[in-house]
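Before any questions on how it binds or moves, here is one chain, the form predicted on its own, in C-alpha cells.
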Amino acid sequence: MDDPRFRDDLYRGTACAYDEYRPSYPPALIDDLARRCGASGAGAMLDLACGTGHLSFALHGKFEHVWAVDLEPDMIALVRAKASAAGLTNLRADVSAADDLSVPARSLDLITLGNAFHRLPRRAVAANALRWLRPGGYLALAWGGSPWDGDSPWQRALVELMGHWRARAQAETRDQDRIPPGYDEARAAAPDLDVLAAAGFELVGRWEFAVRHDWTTDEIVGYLRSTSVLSPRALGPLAPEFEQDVRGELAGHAVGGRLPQQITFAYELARRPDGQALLAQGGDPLETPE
C-alpha cells in the first residue's frame, strides 16, 4: 500500500508560530544523537522537512556542512533569516519537496527528520536517504513536543476540544482534506521502522528524553496555530472563536497560570550498512550516482 499524499500547503502561514511555540529538542537528545553518529565537526548533514530548523540549528556546530530543506517557502525564509542573523556560514537552506530533492550519492553523514517522516512518501524518501548516505551513515527520526501528549485533566480537555473543532472546521469550511484518506491504515500496515528496514537500513535503536515544560494558555494557543489542522488558515473564520474556547477551557485547569507537562522527546536511529556488509549481500546496489 502506497502512502497517501499530503497537500503541499499544510503549513502555509505557520512559520512564525512554529518557530516561537514549538519546544526545542533537549540538549541531552542532541548530544546523544551526535555522539552515536560520531559527529566531530566534519562531514555533512541534511535536515529534511526541516520546518524552521530546530534540528539544523541544534546540530550545526557538529558538522562542517548543514543543509536544511522544506517545501514551505515561509519556513525556509525564516531559516535563512535566522542563519544570517547568527552569522552561520555553514548552513544552507532550500525549498524542495523531500522526494524531489537531488543529492549526490554517498555525500551525507546524517539525515534528520523532525516530526515529519509520517507525512512524507516514506518509501521513496527512505530509498533516497539510503542512496544519499555514505556507507555507515545515519538516518534519525526525531519526535516529541506536543502539549496534548499525556493524561492530565487539562490534556484530556484539550484533546476533546481539538476533536470538536476539527470536526466543526471540516463541516463548515471547504478546507477538508488536510489528512488524506487512508493515512491511518497505510501507517498501521507499514510502521515507519518497517519502511526503513525494507529500504535496506539497519535499525539501531530508540532513545527517549523526558523534560518538564510549563505551558501558558498563550503558548498552547500559539502551538495550535503552528499545526496543520488547527492553524488560522485551516480554521478560516472560525479561528478567533476556537482560540477563545481554548483559552476559556484551559484557564480553569491552570495553576498559577501554568499547565505542567512531562514532555517525552525521542529519536529513532537507523544506519546505512557499511561497505563490507553491502558486499556480503552481493555488491552495493547504490553505485549509480544521481
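This is a predicted model, so every value here is computed, not measured. Residue positions are given as counts along the sequence shown, with the first one as 1.
Same protein, other form: the form predicted together with a small molecule, not shown, and the subject of what follows.
Heavy atom to heavy atom, is residue 114 within 4.5 Å of the small molecule in the model of the complex? Output for residue 114 is yes: heavy atoms within 4.5 Å of the small molecule.
Contact test in the model of the complex: residue 119 vs the small molecule, heavy atoms, 4.5 Å: Within the cut-off, so yes.
Whether residue 267 contacts the small molecule in the model of the complex should be assessed with a 4.5 Å heavy atom distance threshold; does it? The answer is no: residue 267 has no heavy atom within 4.5 Å of the small molecule.
Tell me, yes or no, whether residue 72 is in contact with the small molecule in the model of the complex, where a contact means a heavy atom of each within 4.5 Å. Close contact exists here: in the model of the complex, residue 72 approaches the small molecule to within 4.5 Å, heavy atoms only.
Could you spot which one of 155, 96, 107, 170 gets a heavy atom to within 4.5 Å of the small molecule in the model of the complex? Contact residue from the list: 96.
Consider the chain as shown here, without its partner, and state which of 37, 230, 49, 29 has a heavy atom within 4.5 Å of the small molecule in the model of the complex. Contact with the small molecule in the model of the complex is made by 49 alone.
Hey, with the small molecule in the model of the complex, do 165, 225 and 242 all fall inside the 4.5 Å heavy atom range? Heavy-atom distance to the small molecule in the model of the complex: none of the three under 4.5 Å.
Quick one: find which of 96 to 104, 195 to 203, 156 to 164, 179 to 187 has residues within 4.5 Å of the small molecule in the model of the complex by heavy atom distance. Comparing against the small molecule in the model of the complex, the contact stretch is 96 to 104.
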